[in-house]
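A lone chain, given as structure tokens: the form predicted alone.
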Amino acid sequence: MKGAAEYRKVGGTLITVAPTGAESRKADVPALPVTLDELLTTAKECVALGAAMIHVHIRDGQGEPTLDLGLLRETVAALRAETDLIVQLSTGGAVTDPEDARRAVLEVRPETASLTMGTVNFGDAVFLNRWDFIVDLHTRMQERGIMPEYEIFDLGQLHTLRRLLEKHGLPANGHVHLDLVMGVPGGMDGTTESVAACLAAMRDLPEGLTFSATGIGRTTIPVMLAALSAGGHLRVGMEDTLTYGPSRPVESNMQLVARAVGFAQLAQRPPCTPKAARTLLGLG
């Protein structure tokens, strides 16, 4: 596979924590960090364990998902002041957020931001990502020096990514990093077979790319193991997983990061520090 040797040689594992998301409510998941203080505490705990990147969604004073630019700026500034984590903002927001609000997130100038490569059924909802909107986000990130993390919910979205890069060029830092999001109802299954199919479809993407993988819910463990075996990196957190085992709710994001760290160490690819992760991704 083109590029496979490159990401297998990195040695360490980039662990991203996605602590909050936009789907769960605090009333239903008391351990979910929704205030800035809770998010900062989570960030400090997780970087101490081995996380190098934090994927950020924020909530308003009522605990509802928001893309308010003032709150986003405050959150990014606080995370930068109190941790050395790579801060990644979501341009996906909640599935109900309009394109203008999702586009405006880039004005906060994070180091990296998510960029979903297509529309996908998201449970009973539809996560809409038009081609023109994808191109607009990609171009704006190039202009602002923000590294996209291309979010892949289904196999065809890898072909969309190839088309995007061929027509509109590489990210500003010249490095392609993507995240395979698996197990969403309406997207690809969270299985070893799905990871293998994605690896085959990645052959025509630029050499030297890096990828992480996210397994939603019960797919967390098989996706982690498959990704590590293929030289990939990991994203874990309460945005994606709320049960640690059968009938056992997740107690904190630390619990999920600690498990990912343990798996990475067993694979003889211990977690990257934030500094090493920036080198890996071409940030700096």
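Numbers for residues come from their place in the sequence shown, where the first is 1. Since this is a predicted model, take the numbers as computed values, not measurements.
The next section is about a form of this same protein that is not shown, the form predicted together with (5S)-5-amino-3-OXO-hexanoic acid (KMH).
Within 4.5 Å of some heavy atom of (5S)-5-amino-3-OXO-hexanoic acid (KMH) in the predicted complex lies at least one heavy atom of residue 114. With a 4.5 Å cutoff on heavy atoms, residue 118 does not count as touching (5S)-5-amino-3-OXO-hexanoic acid (KMH) in the predicted complex; it lies far away. By the criterion of a heavy atom within 4.5 Å, residue 233 is excluded from the residues contacting (5S)-5-amino-3-OXO-hexanoic acid (KMH) in the predicted complex. Using a 4.5 Å cutoff between non-hydrogen atoms, residue 22 counts as a contact of (5S)-5-amino-3-OXO-hexanoic acid (KMH) in the predicted complex. Only one segment in the set 186 to 194, 122 to 130, 104 to 112, 161 to 169 has any non-hydrogen atom within 4.5 angstroms of (5S)-5-amino-3-OXO-hexanoic acid (KMH) in the predicted complex, and it is 122 to 130.
Among the residues 141, 94, 205, 78, the one placing a heavy atom within 4.5 Å of (5S)-5-amino-3-OXO-hexanoic acid (KMH) in the predicted complex is 94. Shown without its partner, the chain has 55, 57 in segment 40 to 66 as residues with a non-hydrogen atom within 4.5 angstroms of (5S)-5-amino-3-OXO-hexanoic acid (KMH) in the predicted complex.
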